[in-house]
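Just one chain is shown here, as structure tokens, and it is the form predicted on its own.
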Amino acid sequence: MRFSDVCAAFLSAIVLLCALNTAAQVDTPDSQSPVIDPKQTEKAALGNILFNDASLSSPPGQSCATCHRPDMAFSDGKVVSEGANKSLGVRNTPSLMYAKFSTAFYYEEWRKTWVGGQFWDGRADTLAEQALGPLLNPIEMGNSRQTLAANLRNLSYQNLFVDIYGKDVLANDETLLNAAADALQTFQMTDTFAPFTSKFDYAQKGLVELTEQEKWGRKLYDTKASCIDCHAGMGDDKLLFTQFSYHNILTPVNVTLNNGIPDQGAANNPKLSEDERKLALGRFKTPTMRNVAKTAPYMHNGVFKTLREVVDYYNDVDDRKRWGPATFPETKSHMLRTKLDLTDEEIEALIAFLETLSDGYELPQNKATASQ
């Protein structure tokens, strides 16, 4: 990446982020007044550049955006991603959309399960920690902490780190890594990753009306299909369609991964004790239904290729002849209903509603204005 190109990208990112008015605000414990980081926009712009910089992997050639594509709601459309060393991952790449609303990982007593965190197993508490994960993973971007720090120091735009984080930022590996993680986190906190621009959102505001089929699907989502049990709205006027809680829904094994050995899920989270890991076997974080139509294949192991296949599974989880043996049945979620008896027409209506949750919907009046 040439320095002139970086400067242009940096300035463009700043202009875009200012236009979106995405400066993050943090409430202080002693005051209701928000604290605004004066360099928030510059940090987000740097994070944007880092997110798309393929020179940061070892060997070069892979960026965060390689596996988190904006056109696929920051997923990548593959069962598992291929790393910089051509090695395959072990889990489906989750979307980064709306991830900023997930709290730090904790156990919720009333729900009898864990909530929050980043990744499928919640092992990262913050987006900064999550951002460094793939960069330092030997089967993803292939860096050690030392090689990543060296790659950051060799960037043509290293002066941006100095301008934002101070003259000493390049002197210490950990300080530099923390600055990069902070910039990536700040970028992921912007509206780019949580725009709330779906047809559903506009319908909530009265700017467009859902079709009768979509309305029926919404009703089924809340009632017969039981989606709301785990994919509840949350939030005030902007619904998230997840509670970020952990459940074992007996997902079929993807025999093409890990020699067909079931993934233990949250039981691999190092934050858990040995006894807690037994209870967490097969549990994975519930993803948001926002943009679900853009993020196939589905589940932590990419075992389902289409939304129809996912709904068919939920419609009759007990049909293990079709799906294969249940994984870790001893920890099956108490929220899982194994037979819904949805008809074909109801399944089609449910999917139609789920498709209204995709961001980037263009309002009819905007289309008309653009065509004039």
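Residue indices: 1-based, along the sequence shown. Since we're looking at a predicted model, the values are computed, not measured.
One more form of this protein should be noted, the form predicted together with a small molecule, which is absent from this view; the next part is about it.
- The listed set L272, L257, V292, M189 contains one residue whose heavy atoms approach the small molecule in the predicted bound form to within 4.5 Å, identified as V292.
- Exactly one listed residue, out of S198, N151, T286, T113, brings a non-hydrogen atom to within 4.5 Å of the small molecule in the predicted bound form: T286.
- Annotated contact segment (heavy atom within 4.5 Å of the small molecule in the predicted bound form): 96-104, selected among 170-178, 207-215, 152-160, 96-104.
- Contact annotation for R277: none of its heavy atoms lies within 4.5 Å of the small molecule in the predicted bound form.
- By the criterion of a heavy atom within 4.5 Å, Q264 is excluded from the residues contacting the small molecule in the predicted bound form.
- Using a 4.5 Å cutoff between non-hydrogen atoms, T331 does not count as a contact of the small molecule in the predicted bound form.
- In the predicted bound form, the small molecule sits within 4.5 Å of a heavy atom of A225.
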